[in-house]
Ligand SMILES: Nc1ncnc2c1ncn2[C@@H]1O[C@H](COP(=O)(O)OP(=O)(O)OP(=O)(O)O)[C@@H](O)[C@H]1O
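So this first bit is one chain, no partners, the form predicted on its own, shown in structure tokens.
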Amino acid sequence: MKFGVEGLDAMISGGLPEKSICAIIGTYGTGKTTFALQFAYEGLLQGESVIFISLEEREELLRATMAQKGWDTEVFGDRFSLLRLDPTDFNLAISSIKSELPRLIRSVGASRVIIDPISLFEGLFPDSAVRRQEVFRFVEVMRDEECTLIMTSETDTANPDGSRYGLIEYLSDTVILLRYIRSERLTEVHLALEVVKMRRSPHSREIKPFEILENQITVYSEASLF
């Protein structure tokens, strides 16, 4: 399942394995949503059906972002489902993700599903024990669906290499970490990408620089990190 980002696809042996689960983890401004949208758009270009669930950005803002990149998702009709859930409405958000999502996946035949960010869903639960139990159950349910799942998460403030609640990296098959790299003199800031793990598939273990341009993401898979 290609991202449609040449350098990244090269780093993960051509794409994500079908029916696998991928976590994209990074601090604010590193491009988590952009990579998730790119994965969705590549699926649409390949004739697949895609579900994108946002727990943060409003639907009109996401569509404006895609339009700015020159993506006209309207031409894909019913193959693209863009949903906005309000994480402050606990019962609705929990029910929609745990109960309604599997039914929606089957009804539209979605092969790619994105939840952006899963950390807001994780934060709905009152304590770590309940959170761990519920997220594990959700991931197990999604493994029974005929789709590839991407979940994004902010990093933990105390651990810049881990997700906010330290769960999804252990439950996911592939973990992609996005980060800032600052020069020694603090005169420049670069974006860098690392494929931390990828089950059942060879992958690059190098940290590579990338750029988010107006209409594309460029991962410099042949470059050495400054």
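Start at 1 and count along the sequence shown; that's the residue number. Note that the structure is predicted; figures quoted are calculated from it, not measured.
FYI, the form predicted in complex with this ligand isn't displayed, but the following is about it.
Proximity to this ligand in the predicted bound form, taken as a non-hydrogen atom within 4.5 angstroms, holds for one residue of 172, 30, 38, 54, which is 30. When contacts are defined as a non-hydrogen atom within 4.5 Å, none of 20, 111 and 142 contacts this ligand in the predicted bound form.
Taking non-hydrogen atoms only, residue 207 never approaches this ligand to within 4.5 angstroms in the predicted bound form. Contact between residue 49 and this ligand in the predicted bound form is not found at the 4.5 Å heavy atom cutoff. Although the partner is absent here, residue 68 sits close enough that one of its heavy atoms falls within 4.5 Å of this ligand in the predicted bound form. Of all the residues from 197 to 220, those having a non-hydrogen atom no more than 4.5 Å from this ligand in the predicted bound form are 212, 213, 214.
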